[in-house]
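For reference, the chain that follows is the form predicted alone, supplied as structure tokens.
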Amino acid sequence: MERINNTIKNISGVDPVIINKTQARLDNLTKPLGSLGRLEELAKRICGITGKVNPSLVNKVIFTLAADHGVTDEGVSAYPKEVTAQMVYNFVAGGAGINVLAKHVGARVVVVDIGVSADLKPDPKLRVEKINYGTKNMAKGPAMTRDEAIKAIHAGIDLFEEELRRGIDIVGTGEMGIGNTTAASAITASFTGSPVEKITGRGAGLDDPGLKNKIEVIKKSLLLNKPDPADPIDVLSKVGGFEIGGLAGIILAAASHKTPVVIDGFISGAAALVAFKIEPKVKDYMIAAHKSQEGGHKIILEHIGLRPLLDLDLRLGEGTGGALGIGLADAAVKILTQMATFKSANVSEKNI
């Protein structure tokens, strides 16, 4: 926990002076006041987070963490757990949705095995930070030990800080793990107290009987493990996943280094919820890319107090929504820094 506590100590509030200066700059650009809506709000947030009046989002990084879940033994997913490893190979080969969208917005993808249930073939494009070969079946006991939960968060902090040496101006979160919507639903229910039925969705495509079974498995897991919402590490260890813990660590580390972090969908949202419960100040550093088709994601965003940029019925994960959010963030910053002012363009301002 010492590493986590040291990271938390470095998380401060965003800079209100910079935000006010940014507002003044936005108000003097050649446009009606507030006419670029949430792009202006986004530019202000990024300036406040970074502490820079002229930020530049050159180094864009999306972390895609992969891990397996023992709860798949309960038939909670429409896909077999082998797909997790198969998709990691797809990420490394550059053939997945996240690869396409990351390339589109100029981001590099860091692919990490933090808990895949198989030994993957070595590849220079793959980081291996394996905590264990998947979590245990949370319907029969805790998903992981408390020590493993802490190690997962530490791994995320280390991943961010190591990649920071290459340069990071903005971060996106992403994941892959068959069964991870079950873990995300359990985490969300633990922290928010919302009914499991309202939180739980079809994941990668469950039919009605499959969804009913998934809800019952989550209820059983919560009743058996009794995760303590006042103790985020306890919740993570009992009903979470290694990729969720790793992403929580990345979010904490990004906030400690004054780096905006763009949150993807439901699984990334569950990681954001864990990070928020560990240190509420991280909220100011998080940008919600979109609202997932999974109902639990809306509940997470409302609980933290984040307003999503997009609503496109996305439910792929991997960091795909995060990539789109990074694209909007880049556009917002360029509006701020590259658009002319009334004075510089010799354009008359409004009379009244």
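From a predicted model like this one, the values you see are computed outputs, not experimental measurements. Residues carry their position along the shown sequence, with the first being 1.
The same protein also exists as the form predicted together with a further copy of the same chain; that form is not shown, yet it is the one meant from here on.
S.K.: Select from the listed residues 137, 213, 145, 86 the one whose heavy atoms reach within 4.5 Å of a further copy of the same chain in the model of the complex.
M.R.: Filtering the options by heavy-atom distance leaves 86.
S.K.: Given that a further copy of the same chain is left out here, which of 141, 122, 205, 209 has a heavy atom within 4.5 Å of it in the model of the complex?
M.R.: Only one listed residue qualifies here, and that residue is 205.
S.K.: Have a look at 279-287, 304-312, 61-69, 44-52 and name the one stretch with heavy atoms inside 4.5 Å of a further copy of the same chain in the model of the complex.
M.R.: It is 304-312 that comes within 4.5 Å of the partner.
S.K.: With the partner left out here, if you bring back a further copy of the same chain in the model of the complex, are 33, 36 and 327 all within 4.5 Å of it by some heavy atom?
M.R.: Yes, all three are in contact.
S.K.: Does the 4.5 Å heavy atom contact test between residue 2 and a further copy of the same chain in the model of the complex come out positive?
M.R.: Outside the cut-off, so no.
S.K.: Applying a 4.5 Å heavy atom distance criterion, does residue 229 contact a further copy of the same chain in the model of the complex?
M.R.: Residue-level check for residue 229: no, no contact with a further copy of the same chain.
S.K.: Does any part of residue 132 reach within 4.5 Å of a further copy of the same chain in the model of the complex? Heavy atoms only, please.
M.R.: Contact check for residue 132: no, nothing within 4.5 Å of a further copy of the same chain in the model of the complex.
S.K.: In the model of the complex, does residue 19 have a heavy atom within 4.5 Å of a further copy of the same chain?
M.R.: Contact check for residue 19: no, nothing within 4.5 Å of a further copy of the same chain in the model of the complex.
S.K.: Using a 4.5 Å heavy atom cutoff, which residues in 79-102 contact a further copy of the same chain in the model of the complex? It's fine if the answer is none.
M.R.: Heavy-atom contacts to a further copy of the same chain in the model of the complex: 79, 80, 83, 86, 87, 90, 95, 96, 97, 100, 101.
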